[in-house]
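Listed next as structure tokens is one chain, alone, in the form predicted alone.
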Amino acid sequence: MLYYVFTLVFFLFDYFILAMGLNIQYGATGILNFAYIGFVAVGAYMTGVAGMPSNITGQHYILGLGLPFPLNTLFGGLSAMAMAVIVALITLRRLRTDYLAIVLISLSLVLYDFCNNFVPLFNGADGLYNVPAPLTKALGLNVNSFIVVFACVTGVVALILWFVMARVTNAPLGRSLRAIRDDSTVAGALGKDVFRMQLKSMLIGSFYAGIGGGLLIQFGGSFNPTAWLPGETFVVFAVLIVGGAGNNIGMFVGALLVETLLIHLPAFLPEIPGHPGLIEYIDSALVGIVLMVMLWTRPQGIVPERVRRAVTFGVPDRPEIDARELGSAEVLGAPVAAATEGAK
């Protein structure tokens, strides 16, 4: 029983981490990163080859550094950040919205085909397996106790990353990102370096993706191309939509409802007699139905983004306005006030 419960707990915390990373890119900055699962894969693979020794028979992969946990996981997160720099330099300067999304998903497909067919990189279509389980030797853990301990460790990592993300989104950087999301042209006209801010968002979000992917490969002990098909990105997007984009608490709610209850919990249910695999199809249909219902009835999500108020000087009878009315007035406050005063 503990095996099933803590497996679900692990996926809850891991997808909470993944959702926070995508949330700062899409929910806070407005970057439609349809290649997000590619950064998760980079983090998973690089964590794997950083933690594995160089002499496992039957597998072909680069590096094989034999680093312990959590150094291998940090290596995976930094590798995803490095990949984000390359992708951002290619895409963010010239592309926006739909065009950016199309190019990003195309890059994800290119990366998928390359890893799937180039065997010396990450063992081709077979992927990495027999990845060392962290902490087992140091703590003397068996299979069941490892799942309990590692789920708790993942929860601690998620808590730390949530605290960091809360500080980032409430800082001036977070307000600048929301201004770019609401109207990048206005934010740029008022002195914000749009590309630089978007690059920061991509780096932070990709680091979270890499950490989440690194924890995933160490929990399961393996990772192959079938685990990161492009459709997996939309599972994380579903977490955002259901939980509420732009809200870190919403990410936890979305991970609980979508990833834990709708996707992974049915995997532990017994098969319907005479209909093998039917539960999986019903599960996929339920996720689609939930998404349609949420988009139709509550597009802001279960936990909507908090409406932030900003004082705008020089506007009589309206000491406070909704920040969205002026394109995140928290960032634009002084210039907007000056312009309003001059217009009088």
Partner chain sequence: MSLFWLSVGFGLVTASVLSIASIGLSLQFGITNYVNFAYGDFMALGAFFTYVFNNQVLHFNIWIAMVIGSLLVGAFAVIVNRYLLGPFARRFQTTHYVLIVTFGLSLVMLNLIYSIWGADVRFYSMPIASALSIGPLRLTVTQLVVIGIAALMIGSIHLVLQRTRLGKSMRAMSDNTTLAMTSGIDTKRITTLTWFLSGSMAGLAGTVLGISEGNLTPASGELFLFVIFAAVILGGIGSIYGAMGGAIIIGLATEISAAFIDPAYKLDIAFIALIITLLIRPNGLIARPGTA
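Residue numbers count along the first chain shown, from 1. Keep in mind that what you see is a predicted model, and the values were worked out from it rather than measured.
The protein also exists as the form predicted together with its partner chain; that form is not presented, and the subsequent description refers to it.
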Looking at 74, 133, 261, 95, which has any heavy atom no more than 4.5 Å from its partner chain in the predicted complex?
95
In the predicted complex, the one of 110, 139, 272, 156 near its partner chain [non-hydrogen atom within 4.5 angstroms]
110
Checking a candidate spot here: are 30, 117 and 292 all in contact with its partner chain in the predicted complex (at least one heavy atom each within 4.5 Å)?
yes
Since the chain is shown here on its own, which stretch among 253-261, 145-153, 101-109, 210-218 would lie within 4.5 Å of its partner chain in the predicted complex, judged by heavy atoms?
101-109
In the predicted complex, is there a heavy atom of its partner chain that lies within 4.5 Å of any heavy atom of residue 85, even though the partner is absent here?
no
Using a 4.5 angstroms cut-off on non-hydrogen atoms, would residue 26 count as touching its partner chain in the predicted complex?
yes
Residue-level contact is defined here as any heavy atom of the residue lying within 4.5 Å of its partner chain in the predicted complex; does residue 234 satisfy this criterion?
yes
4.5 angstroms heavy atom contact with its partner chain in the predicted complex for residue 282
yes
